[in-house]
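Listed next as structure tokens is one chain, alone, in the form predicted on its own.
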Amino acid sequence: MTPITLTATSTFGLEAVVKRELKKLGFEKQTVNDGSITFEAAAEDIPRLNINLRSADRVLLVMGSFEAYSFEELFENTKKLPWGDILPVDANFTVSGKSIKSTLYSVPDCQSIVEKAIVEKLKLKYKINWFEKTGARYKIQVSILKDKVTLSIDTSGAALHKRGYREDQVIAPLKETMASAMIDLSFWNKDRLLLDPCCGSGTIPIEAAMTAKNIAPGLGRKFVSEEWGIIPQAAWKTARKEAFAAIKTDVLPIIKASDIDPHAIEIAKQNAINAGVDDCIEFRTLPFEKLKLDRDYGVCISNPPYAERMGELDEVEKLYRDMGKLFRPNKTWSVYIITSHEGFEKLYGKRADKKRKLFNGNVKIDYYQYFGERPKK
């Protein structure tokens, strides 16, 4: 298997989570940067990565990196890369880009020059002057940061948070990849009760159930690189077969989810059915103030409303106070809350044991982590 360089992209602040996932999949040597983890692999690994990564946004095939201060340097260095090893003669390729703090700041010009350089390289490879672009899709990305150019090809297509089970959703939904990372950072396990009292369309409880049962997040969807000739179809079949075989059908975690909105609960129930975990989650229409803790050593992971996006500020702040009143007296419960409200700790009535800065889309948020007592053995 010829080695290639891949990058798993992530939401800023979740690099450590994706790094752990990659290690579990057998990729030990990694280079971590803001929002990305780069590692060596083989083309045959692309199916397994896309199907199994829970918290990464995309998997990119890195073609090369170099410094460029002029359009001529950008053209010549792009042309040197082995595009013909990846792109077939009928490749339907497009180029998108971004440039940050670089001499080459005109993104449209950079995209055009990269495309021309690739075409010139393919002319040499295939001995033709016209390309139909009627074959498999290849989305090429040119990223320029402080004059360093990185050229890559997206292997995922639709972002990895699009699992396929969420046919409908509520306002301001949490991305599935973020929900999965929240679960990973909580160190919740299948033997403890998980509670989401503001479940919305059910993303957190569904991702928790899928994790507990070891259901690969990409098992029910397609990826753009399934059309690529460099990846044997047998590799996709093998990756899916292994993922199906790894599902823990005998595991039945205890997960409870509620929301004040009955329509949201109906959506969540259907999404859970689509994900194949409806037998793991108890959904209820219930306002938070009526919620009671019926056992100790539970774990609450939730994405309650933000004042900026839904509801009135007074209602949101009352909810945060109610959360503190419910959970603070019970020292056995661990509580993990994500919100953009900077006054959350004061309203909750206690400083978090740990706080992690993240981004939900373009919204800066904090993940407040309150560690409860460990269950007795």
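Numbering starts at 1 and runs along the sequence shown. Computed from a predicted structure; not experimentally measured.
The form predicted in complex with a small molecule exists for this protein as well; it is not shown, and the discussion that follows is about that form.
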Could you check which residue among Phe288, Phe131, Tyr297, Phe71 gets a heavy atom within 4.5 Å of the small molecule in the predicted bound form? Phe288
Give me the residue from Gly164, Pro173, Gly276, Pro88 that has a heavy atom within 4.5 Å of the small molecule in the predicted bound form. Pro173
Note: the small molecule not shown here; in the predicted bound form, the stretch from 212-220, 199-207, 143-151, 93-101 having heavy atoms within 4.5 Å of it is 199-207
Using a 4.5 Å heavy atom cut-off, state whether Ser156 contacts the small molecule in the predicted bound form. no
Can you tell me whether Glu115 touches the small molecule? I mean in the predicted bound form, with a 4.5 angstroms heavy atom cut-off. no
Hey, in the predicted bound form, does Ala352 get a heavy atom within 4.5 angstroms of the small molecule? no
Any chance Ala243 has a heavy atom within 4.5 Å of the small molecule in the predicted bound form? no
